[in-house]
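Take a look at this single chain in structure tokens; it is the form predicted alone.
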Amino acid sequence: MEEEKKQLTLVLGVIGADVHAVGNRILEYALTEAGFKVVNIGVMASQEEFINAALETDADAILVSSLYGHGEIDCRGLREKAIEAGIGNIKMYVGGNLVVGKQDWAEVEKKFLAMGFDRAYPPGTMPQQAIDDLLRDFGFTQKC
């Protein structure tokens, strides 16, 4: 008898004063099609909304999107809030146009990993990359 795999629950949203909704919907669709349970908190979401949604849904991961360039400011302290809420080990992913101006991606990625994110994605990353990373990070070799 094959052991049934747990469907991973993901909290997805656009952080801060960012109103970019199209990419958020594309990610929601792609992640749902890949077999994940997606809790989409939408745009202009605060850190507290991400944490509360993760707590309420017993989420496995938080996926933060930011396209307006202020992700570095908006995301600072999110891992600490997760720790305070008792979910300090939750996987956290961030992607988009995370900083103002053109900066070397390796340096941007290093900043976000230092902030406690497990993975950071540059602008233009296809949803499949995050899907593959999620599956790998949670020990799956195929769809959830």
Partner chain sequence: MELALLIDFGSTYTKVTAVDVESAEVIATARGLTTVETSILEGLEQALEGIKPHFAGALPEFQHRLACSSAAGGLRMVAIGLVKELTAEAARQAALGAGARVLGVFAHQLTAAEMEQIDAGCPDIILLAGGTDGGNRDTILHNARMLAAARCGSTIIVAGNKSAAEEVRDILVQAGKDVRVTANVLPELNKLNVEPARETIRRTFLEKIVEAKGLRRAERYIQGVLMPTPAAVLNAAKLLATGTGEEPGWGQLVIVDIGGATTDVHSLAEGYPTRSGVTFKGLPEPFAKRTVEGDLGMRVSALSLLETVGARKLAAIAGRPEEEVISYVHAVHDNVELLPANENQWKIDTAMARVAADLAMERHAGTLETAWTPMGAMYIQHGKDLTRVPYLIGTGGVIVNHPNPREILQGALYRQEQPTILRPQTPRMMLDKDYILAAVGLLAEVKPTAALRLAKKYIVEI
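Treat the numbers as computed from the prediction; the structure is a model and nothing was measured. Numbering follows the first chain given and starts at 1.
Keep in mind the form predicted in complex with its partner chain is missing from the figure; the text below concerns it.
When its partner chain is considered in the predicted bound form, only one residue from I83, V39, L113, I26 comes within 4.5 Å through any heavy atom, namely V39.
Checking L67, L78, A45, I90 for any heavy atom within 4.5 Å of its partner chain in the predicted bound form turns up a single hit: A45. Its partner chain in the predicted bound form comes within 4.5 Å of no heavy atom belonging to A21.
Within 4.5 Å of some heavy atom of its partner chain in the predicted bound form lies at least one heavy atom of N52. Although the partner is absent here, T57 lies within 4.5 Å of its partner chain in the predicted bound form, judged by heavy atoms.
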